[in-house]
Structure formats: C-alpha cells, structure tokens
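Encoded as structure tokens, the following chain is the form predicted on its own, with no partner shown.
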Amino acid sequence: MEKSVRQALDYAIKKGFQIHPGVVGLLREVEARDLDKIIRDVVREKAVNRDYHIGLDDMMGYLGLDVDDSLRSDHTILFDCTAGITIPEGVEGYTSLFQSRFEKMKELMRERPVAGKVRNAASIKVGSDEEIYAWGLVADKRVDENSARLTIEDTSGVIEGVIMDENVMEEVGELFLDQFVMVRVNARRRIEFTEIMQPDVPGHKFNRSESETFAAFLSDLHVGSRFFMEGELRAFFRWLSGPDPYARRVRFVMIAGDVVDGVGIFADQDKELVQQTTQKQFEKATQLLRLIPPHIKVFVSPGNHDPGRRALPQPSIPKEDGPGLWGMENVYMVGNPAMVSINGVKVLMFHGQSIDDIVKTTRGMEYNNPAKIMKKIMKSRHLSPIYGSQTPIAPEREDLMVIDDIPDVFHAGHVHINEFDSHNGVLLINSGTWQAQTPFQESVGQVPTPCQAVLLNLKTFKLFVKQF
C-alpha cells in the first residue's frame, strides 16, 4: 500500500474506525490531494453521529465519485434449480427424468407445422406412402463413409433409420446422444430419415436495459489453488471501486461456478492447494468478494469444484460451506443452472460440466472452441443431454436442464477459455478463468485465457474485455 494511503487510514483506525476493504482499493486507484485532510474530515463528521464505520459509499461521496442512482440495478431470479430438486430413488427417478425431458421437448416442437404428422415409433412400418414424422431421444448414431444410421426412442419403442443425404449425414455426426430430435421418415421401401429437426431457439430479439448499466461476467476463480491468480482478481475488484467510467457503470457481477478449487476433486489435489479445506477456501473467497462495492449485486452459482452435490442439476452452494457469502447483503446464491433477469435482460447461468461429455462423444467439438459447443447446446435446448458419460446426472422427477425459457445471454465457464458468439439472437459468453495453467492443462496442451473480465452494456449489448 502506498505510504500516503497507509498513513491516512492508520489515523482512522487509531480513532477506532472500521474501514470497508473497498475503500483501500478505491484510494489506491484515485489521485486525491490532501488525503490526510479528507480522512480527518470523514472521521470528524462520522464521529459526531457515533458512526465508526467508513464505507465505500462514504468515501466515494467525499471524493466526488458518488454512485449514479440513475443507473438501474433491478433483478429477479426467474429460475433456480435449487427449489425444484426432489431426488427420487433409482430406476423410478431416471424413468421420471427422461419422461419429463421427452414431454417438455414435445411441447417445444408442437408449434412446428408438421407436428400433426408425427407418429409414434412402434406404429411406423415399411410400405407406407404417407408423409410421416417421428420424434424421440437419440439412442444411437453411426456415421460411415457413404451413409449414416440414427436410432431414436419414444415412449412406444425405437425406430432406426438410414440417412443417405450428405448434409443430413453431417448433422447426425453433430447430434448429442440422448438429445431430442424430430425426423421426417420415408417408409416406402425402407425406413429412411430424410430430414432432422432440432428444437433450437427461434430468431430471438433480446431484451435491453433502459439505462446503460454494465454487467461483469466471470467464472472459475478456483480460490484455494496455488495457481489461483489472487493479485489479478484483487486488481479487478479494486477497479470496480475506482473512477474508470466503465467501472462506475457496473451494477452486476455474474459468477458461473468453481468459486473455490475444492478438496478431493482429483488425485493428489492437496499438492496444488494453498488452503487445504473448503472452509478456509471460502473464507478467502468471502474476503475477496467483500472488495466488490456494495452497490453491485453479485450472483454466484456452483461448479463441479464447489462443495455440495456434484450431480446436475446442482443446488446452490450449501450455507454451511460458504456462510460468509450467504451473509453478504449484495450476494445472491443460486443453483446450477439458474436464470436471472438483470434490468430485464435474461441471463442463463450454467457452469458447463457437460462440455466434457460433448467433446468426448460428438464430432467437431473441441475445448478450445467453447462458443461452438454452447451454440449446439442452444440448438438442442438442453444443457446436459448425454447420460452415462463423465458428468453425473441426478434422477430428478423433472428435467430441470431443459432450456424452455429462451435467455438473452447464455453464460458458462468450465473450460477456462474466453470466447463469445451469438445464436439466433442469444449472446453466448464463456468467461474464462482466474487460474493460471495447471500441470494437467499443460500436459494435455490446454492453454487458458486467465484474468479477462467480460463486461456487457445491457442497453447496447456491446461487449468489452478488460485484461487484468
């Protein structure tokens, strides 16, 4: 800390004052003449009212950096999977889960003009001259050099079709296992699928904020890891308290999981930890998030490194693990996934664990191109369709991973790479990480893009990236 800042604050501390951590960051960022006099004036005025706490708003007022109250900061939590989690048992639970997925997806597709021509799988026989359609979940797919085969399953049974058209064959290769599709069936001489339709999102005109309020998107902090870039994150949080015109417009911070590095997530993880317990990791995370100015609302969802249930959907981080975060007035703990409206702009928050399964099972999907994967997720209208792979999926009565409400922004993380795109009017943001390259990432050639704060103007939908 610079000598002048330290001396000024020491005076207040000796007078018995508590100082909000954000004040330190603010004073580091601004050039204030007569700082000693300013602090003495603050102490004198507040002591008269027996108020012995110097908050960030107080200091911004004395420095002429008052919070702009004309910038809206309204929010509504539209969906939080935490409330819907039921945890039924065994086969009954998974039967309910897939029945729910099938019924929800059918409702999304019913508005298609050809939906009235859908027949159940068991009723489709070779020799029909009708124009027939079927829908169901992808049970199997195979792509050869000159043809492809696709098997889909509905509640009546399964139907397998051959695909000869090159364009349709290519689409088969990019389908996710267990996702919902509708197919056009030619059953004259054999069962042939001549067209594949996915639920997808229709052309979407996004909602906008009335004021030019900014939201910051970040994920994968990994507090507790020795590769966590604490200094850079502190610099970002200090910047939020400073005079930069962009910083002064930020009213929301959206954190999409992996707040901490966790314990026992992978073999020999203890060798990579600075804090060896999740309790200590969350104490550090709470200390850091307190640097964010109190007029900024912070939304925190869990990731696969955070404590609690690891199966999707994930409820919010348990209170007993992160009591400090739960106790902060400007922090809102939500599940994974969650949909939050900020100034009317709908943000779908999802950590992104299913990206692992998609990369392993789907042609053309790579970790270094997360926006492409997110686009395919939006097209399938499901956040984690693949069952039985690396990502555990809980046997819920309702499939809470279906994207039935179309967001304006789809925000994910997990792969530690910043990338942006759009799909039919939905802005796609993968917000990178605040962790340096780990030994595992180095061994597989994965190069993260750390410490890039993603800022979105909620009125103009212009994106900015500030490197820390």
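Note that the coordinates shown come from a computational prediction; the quantities given were computed from them, not determined experimentally. For every residue, the number given is its place in the sequence shown, counted from 1.
Not pictured, yet referred to below: the form predicted together with a small molecule.
In plain terms, the part of the chain that comes close to the small molecule in the predicted complex, with a heavy atom within 4.5 Å, is 218-226 out of 121-129, 195-203, 218-226, 93-101. For residue 211, no non-hydrogen atom is located within 4.5 Å of the small molecule in the predicted complex, even though that partner is not displayed. Of the heavy atoms in residue 305, some are within 4.5 Å of the small molecule in the predicted complex.
Although the partner is absent from this view, residue 356 contacts the small molecule in the predicted complex, with a non-hydrogen atom inside 4.5 angstroms. Taking the partner from elsewhere, residue 367 is found to have a heavy atom lying within 4.5 Å of the small molecule in the predicted complex.
When you look in the predicted complex, the only residue of 400, 409, 415, 59 with a non-hydrogen atom within 4.5 Å of the small molecule is 415.
Checking 276, 330, 207, 390 against the small molecule in the predicted complex, a heavy atom within 4.5 Å turns up for just one residue: 390.
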